[in-house]
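Here are two versions of the same chain, shown separately as structure tokens and labelled structure 1 and structure 2.
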Structure 1
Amino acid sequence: MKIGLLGYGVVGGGVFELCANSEHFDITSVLCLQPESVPGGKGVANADTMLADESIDVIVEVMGGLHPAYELVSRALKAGKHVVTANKHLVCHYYKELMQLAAENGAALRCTAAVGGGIPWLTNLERARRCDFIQWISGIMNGTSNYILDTMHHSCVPFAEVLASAQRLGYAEADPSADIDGLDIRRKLAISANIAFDTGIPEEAVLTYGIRSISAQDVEAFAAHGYTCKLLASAGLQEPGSIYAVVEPTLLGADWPEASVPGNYNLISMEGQAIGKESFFGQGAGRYPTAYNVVQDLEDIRCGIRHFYTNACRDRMVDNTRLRRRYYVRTSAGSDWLTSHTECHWPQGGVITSPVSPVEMHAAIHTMEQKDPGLFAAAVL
């Protein structure tokens, strides 16, 4: 199978290495900023020849970002070439369009590495939904935020210090906003929910709050009450056909498997009507874990896969008003709403609210943050 590779960074280099050790895959050209850095003289500075080459069966996109990734992937699908991508931003933003392009041109579109890194989450979600009714999905889908929270729980050091450590280790980008503000996990949840529930919700429909303002004092308070904080994504079906979709810091007791997930690992679960709960644990990012799932997608295409994970994309409304959760809130801002919804006070300074919807809580957070930008809140499960 002949392959055109778009991108030769951390993941692209890993894909190149793994394919070089396979008798089934031949990467014939690699689009990158420094073509001379690619072994065998396969580097190119322009993708036009690659996309026009009828001998190339698959385009692998690991360059990241929306542009020019969108334009190149669209051209590949229109040319009837299969596409494998690890780009969750691209798949999430252009979900319906890319899915339709692949179907119209008889091309496979696979993105297993986009959600869960090296975890075979999307392929197992695909298998489950073929013969079962998926009721909900949930989990830790971002290794950077989990590394930060896990380190703070074990070392009780300030957030800024742990973030700097994550950046030195390569877990976090120079601009860590996508990870710590929940944007990365929001995209992964949207893709997962769309496949699980045969819908096409945009990422903006996922109610999202991150961990930027968590403090060591918060973590100490959580531990004193037997809780561990994780940035959790969750989505599920509701009657009569709507779904909920929320990303927010969540306090979990020791009996939750997610509470013990270490370092930059991920744990993603689903519950089917027949199979019950299944969970998938592993490396959520990194050169070889992510490249591994890219190559697994290539193997699936080589073995005859010619489709996306679902062929349905019906409209479903996202309704987060029907959920009810208690919340931990630590703020110096006076709030009549918070006072009227406080169920108990913690000695360390935070309060626990009575059960409210995530919509109501997130709106209250936004209002209180105008007076107290350092506010932190987390759902309590």
Structure 2
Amino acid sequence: MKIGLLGYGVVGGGVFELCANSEHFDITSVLCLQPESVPGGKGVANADTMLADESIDVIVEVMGGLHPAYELVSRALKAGKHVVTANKHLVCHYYKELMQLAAENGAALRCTAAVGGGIPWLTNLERARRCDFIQWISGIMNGTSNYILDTMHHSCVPFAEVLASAQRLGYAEADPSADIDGLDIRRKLAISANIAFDTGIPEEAVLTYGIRSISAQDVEAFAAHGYTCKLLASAGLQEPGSIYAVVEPTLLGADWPEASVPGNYNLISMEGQAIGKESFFGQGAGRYPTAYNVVQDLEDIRCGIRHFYTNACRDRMVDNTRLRRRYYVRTSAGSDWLTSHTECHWPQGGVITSPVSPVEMHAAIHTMEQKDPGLFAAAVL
């Protein structure tokens, strides 16, 4: 199968290497900023020839960002080429458009590496949803934040230093604020929820709060109370047909499998009416795990797959007001809201609230952050 590769960064380089070791895949052209750096004279600075080349069956997009990725992927699909991408921002933002474009042109559109790095999550979600009724999905879907939180729980390394090492290891996004502020994981949750629940929610519908302001003192307090903090994404069906979709730091007791997920690993679960709970564990970020799932998608196309994970996209309302969770809050800002919702004080300084909706809590966080930008809060499960 002949392949045009868009992007030659951490993941693109990994895809190039893995395909070089395969008898089935021949990368004939690589779009990148430094074409001379690509072995075999395959580098190009412009994708026009690649997209017009009828001998190229599949375009692999691993350049990241929305533009020009969207324009190039759309042109590829319109030309009847199959597309494999690891770009969750692209798939999330243009979810309906790309799904429709692929269907209209009889082309495969696969993005398994976009959610969960090397984990076969989306492929198994597709298999589950085609013969079961998915109730909820939930999990750790960002390797960088898990690496940071896991390292902070095991050593006293400051936040900024751990983030720098996640960048060196190739886990972090080009702009790592997407990892620590939860934008990366909310895109992964939106794509997963759309496939699981046959809908098309935008990423903005996911209520999101990240880990930017967690401190070593917070982590010590969590450990003293038997909790581990993880950045958790969850979405599920509610009566009468709406869904909830939330990303927030979450304190988990030792009996939660998620509590012991190490390093850059992800653990993503779903609950189906027939299958019950199923979980998928593996490396959620990094060059070879991500490249591995790109190559798996190529194998699926070679074996005849010609579609996206679903073709259904019904409107569903996102309503996060019906959940109830307790929250840990550590802040120096006085707040009547917090005082009236405090259930107990921790000796280390934080408080635990009574059960409130994530919508109410996130609004209170934003108000209190005006006075105390260093505030940190986390749901307690």
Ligand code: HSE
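This is a predicted model, so every value here is computed, not measured. For clarity, a rigid core is taken as the largest C-alpha set superposing within 1.5 Å between two forms. Please note that residue numbering is based on structure 1, beginning with 1 at the start of its sequence.
Chemist: If only one of the two is the form predicted alone, which is it?
Modeler: Of the two forms shown, it is structure 1 that corresponds to the form predicted alone, while structure 2 does not.
Chemist: Has the Cα of Y292 moved 2 Å or more between structure 1 and structure 2, judged after a core fit?
Modeler: After core superposition, the C-alpha of Y292 moves less than 2 Å between structure 1 and structure 2.
Chemist: Once the core is superposed between structure 1 and structure 2, does A254 show a C-alpha displacement of at least 2 Å?
Modeler: A254 C-alpha, core-superposed: shift of less than 2 Å.
Chemist: Superposing on the rigid core, does the Cα of Q167 end up 2 Å or more away between structure 1 and structure 2?
Modeler: The answer is yes, as the C-alpha of Q167 shifts between structure 1 and structure 2 by 2 Å or more after core alignment.
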